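Before any questions on binding or motion, here is one chain by itself as structure tokens, the form predicted on its own.
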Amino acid sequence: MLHLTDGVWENWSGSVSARPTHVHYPETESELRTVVENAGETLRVAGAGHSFPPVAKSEATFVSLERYTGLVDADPEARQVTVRAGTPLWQLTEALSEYGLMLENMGDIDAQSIAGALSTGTHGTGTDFGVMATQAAGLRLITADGSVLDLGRGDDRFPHAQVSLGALGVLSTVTLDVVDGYRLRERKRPVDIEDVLANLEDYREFRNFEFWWFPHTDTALVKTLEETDETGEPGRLDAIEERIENLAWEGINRVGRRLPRAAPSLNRITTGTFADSERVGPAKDIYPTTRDVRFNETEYGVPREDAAEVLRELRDVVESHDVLFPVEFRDVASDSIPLSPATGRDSTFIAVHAYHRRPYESLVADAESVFDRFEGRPHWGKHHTKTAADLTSLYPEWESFLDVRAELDREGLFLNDHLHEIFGV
């Protein structure tokens, strides 16, 4: 939902705000085209506000697709669906379940719109799975002059539109390859961080694997997911436990904000409460996690073979900032999408977080100094300081993307200040 307070919009973490002159809530593709045709200055789509940098920011025309949602078509035999761009992931997976279908993979936050998730290179974890945009089979785009462009595999412009930061046009509908519904067994357990790093290849045998290392401790909380035929559903107690964990984590971070030097003790207390846990259920219920405690985040994709070394180098950097939030570690498969941070290489995404009431800029800069040594590529929806001068050498098809952007949006209708800086135009 797009929330405006006295005409001002803020993203989820509060790191970005804007006072747009025009706000539109189209309910049909025709209305969406009319909005684009009549926009005189910058037009951006708000999405769910889960991007930390000002990707979506517009001080002119702001478009919310929260009334343009739901499935357009579903073909269970072909395992393909078409969905309106504003559909939140949680609503999409609910709709898919009615046809016995599911996304092959997703992350642990399901609040984003499908268009926002694809456009920013959002990902889950698993060595066999790419960023979510690899699940797109077709994209319907409203370009700067209001015309409709259907892009699919075989069209040279399609991979450029799969991850585009919304710089090529406004997505209207998305056609996705999906799979038969499946069930997952989730296991979480505390493990010594060096033990995890020494045995990464074993952990990577799981369908999905990730961990969170807690600064000032040697403890990582490891999560694995496996497909299973076992019955069972996440119960009410799981939801209550998650709620309690969020409340406790909020309290710990508030204490850490007042007493930064207490960070080591607070995290040792936190990790001391960890215990093995397990639950089973439909994938749509197992992937998502409630994130009530707000934070700011930077995340970079690095070559998978360097990931353990990157994590080790990050430890001192993160601890020097008295950070409580854990560092997250996830694998993503290589793809051939020009603006995907995983383009051309199997990658590991490593994320550094800071409580939203604490400064994060110097933490981001220091973390980037480590990522830079390994040719890290920033996640587009997370904080970073990269500009066109940095990005050109990191993405082999950078120039071809710029050519397609110039072809489809010659006047720069879809560029805000942040995107001008990124693309150098």
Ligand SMILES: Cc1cc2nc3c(=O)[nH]c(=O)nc-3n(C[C@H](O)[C@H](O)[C@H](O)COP(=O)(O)OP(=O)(O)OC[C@H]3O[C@@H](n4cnc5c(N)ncnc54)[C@H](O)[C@@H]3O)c2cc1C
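Residue indices: 1-based, along the sequence shown. Since the structure is predicted, the reported quantities are computational estimates derived from the model, not experimental observations.
The same protein also has a form predicted in complex with the named molecule, omitted here; what follows describes it.
- With a 4.5 Å cutoff on heavy atoms, G376 does not count as touching the named molecule in the predicted complex; it lies far away.
- The named molecule in the predicted complex is approached by G381, whose closest heavy atom lies within 4.5 angstroms of it.
- In the predicted complex, the named molecule lies within 4.5 Å of some heavy atom of R330.
- Put simply, G107 is close to the named molecule in the predicted complex: some heavy atom of it is within 4.5 Å.
- Screening L139, L92, A85, A354 for any heavy atom within 4.5 Å of the named molecule in the predicted complex leaves a single hit, A85.
- Of the candidates G130, G166, P341, P159, G166 is the one whose heavy atoms come within 4.5 Å of the named molecule in the predicted complex; the others do not.
- With the named molecule left out of view, the stretch that reaches within 4.5 Å of it through heavy atoms in the predicted complex is, among 333-341, 195-203, 170-178, 257-265, 170-178.
- Residues R44, V45, A46, G47, A48, G49, H50, S51, F52, V55, A56 are the members of 43-57 with a non-hydrogen atom no more than 4.5 angstroms from the named molecule in the predicted complex.
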